[in-house]
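Here you get one chain, nothing else, as C-alpha cells; it is the form predicted alone.
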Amino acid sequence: MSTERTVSQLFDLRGKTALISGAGGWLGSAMSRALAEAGANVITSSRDAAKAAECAAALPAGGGQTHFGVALDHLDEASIENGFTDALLRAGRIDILVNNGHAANGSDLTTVTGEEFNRSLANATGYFLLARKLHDHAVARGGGASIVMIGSMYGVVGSYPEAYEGVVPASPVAYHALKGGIVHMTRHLGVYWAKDGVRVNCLSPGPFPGPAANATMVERLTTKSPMGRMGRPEELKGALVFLASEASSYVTGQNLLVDGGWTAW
C-alpha cells in the first residue's frame, strides 16, 4: 500500500499543540483561529493573563481540542521562562510556536530615542529566547517542531515616504530594522536546527491595516499594491497552516511573503 499522505493529511494539525504569542491582535486572532480550525490545541499568550484566557475561550473547538491562555511577556526573559513552563506543564508537549507578539513603538526616524529603538529590537530577542525554549523541548522529547516567526514586507523592502507624509508618522525605522533581523534570524536558526528536526520559517505579511488605520494612508498604500487593495487577516490563515504543518516538512529557513505582490515590483 502507498504511504504517500494526502493533502488533507499533510495540512491536518489534529493532535498537535501550538503556542502563539500576541494571540489577541488584528492578525494574531485570525492566525489563532487558523490553527484551531486546522485541528490544533492552541495556547494563546498575552502579557495579560485574563486577555490570553479570553482569546483561548473564543477559539473553535469542534474537534474536541483543548485551548487555554498563559501570561507571557516576550520582552521579559523571566516571563518567557515562566510562561513557557506553565504552557508545557498544562499541555504536556508543544509542537508549534508562532512568534507573533509585538511591543510597538510609533516614533519615526526623526524622533525615536535610543531607548525606544532598543526596546523595539528587544522584540527579536524575545522571539529568539522563546524559539530556543521550543527547540530544546523538542530535542528533549525526541520529536520535531515547527517555528513560525512573523516578519513583514518591511523586513525586505523600504517604505514609500509619500504614503505617510502629512498624515501619519513615517514607518518606524526601528520596525524595519527589527523585521529585517527576524527574517535573517529565521535563516540562521533554520540552518542550525534542521538536523534536530526543528523547522524555522518566517511569515511576512504585506499591508494589512487594522480598522483604526488612517484612511488617507490606506488609500495611498492601495495605489502601491499590484492587487490594488489591502490584505484581509483571513488571507494569512492558509500560509500559516502550511508553515506550521507537515505540508511544509521540507521547508526551513524561508521567508514566505503574503503581500499582494508588493515586493514583486
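The structure displayed is predicted, hence computed values, not measured ones. Sequential numbering from 1, following the sequence displayed.
Although it is not shown, the form predicted in complex with a small molecule is what the next lines describe.
Q: Any idea which of 32-40, 56-64, 208-216, 193-201 reaches within 4.5 Å of the small molecule in the predicted bound form, heavy atoms considered?
A: After filtering at 4.5 Å, what remains is 208-216.
Q: My question is simply whether Leu134 lines the interface with the small molecule in the predicted bound form - judged by any non-hydrogen atom within 4.5 Å.
A: No.
Q: Considering only heavy atoms, tell me if Ser120 and the small molecule come within 4.5 Å of each other in the predicted bound form.
A: Contact check for Ser120: no, nothing within 4.5 Å of the small molecule in the predicted bound form.
Q: Any of the heavy atoms of Arg220 lying within 4.5 Å of the small molecule in the predicted bound form?
A: Output for Arg220 is no: heavy atoms all beyond 4.5 Å of the small molecule.
Q: Look up in the predicted bound form whether Gly25 has a non-hydrogen atom within 4.5 angstroms of the small molecule, and give yes or no.
A: Gly25: contacts the small molecule in the predicted bound form.
Q: Just one of Leu109, Ala103, Leu89, Val167 has a heavy atom within 4.5 Å of the small molecule in the predicted bound form. Which one?
A: If I apply the 4.5 Å criterion carefully, the residue I get is Ala103.
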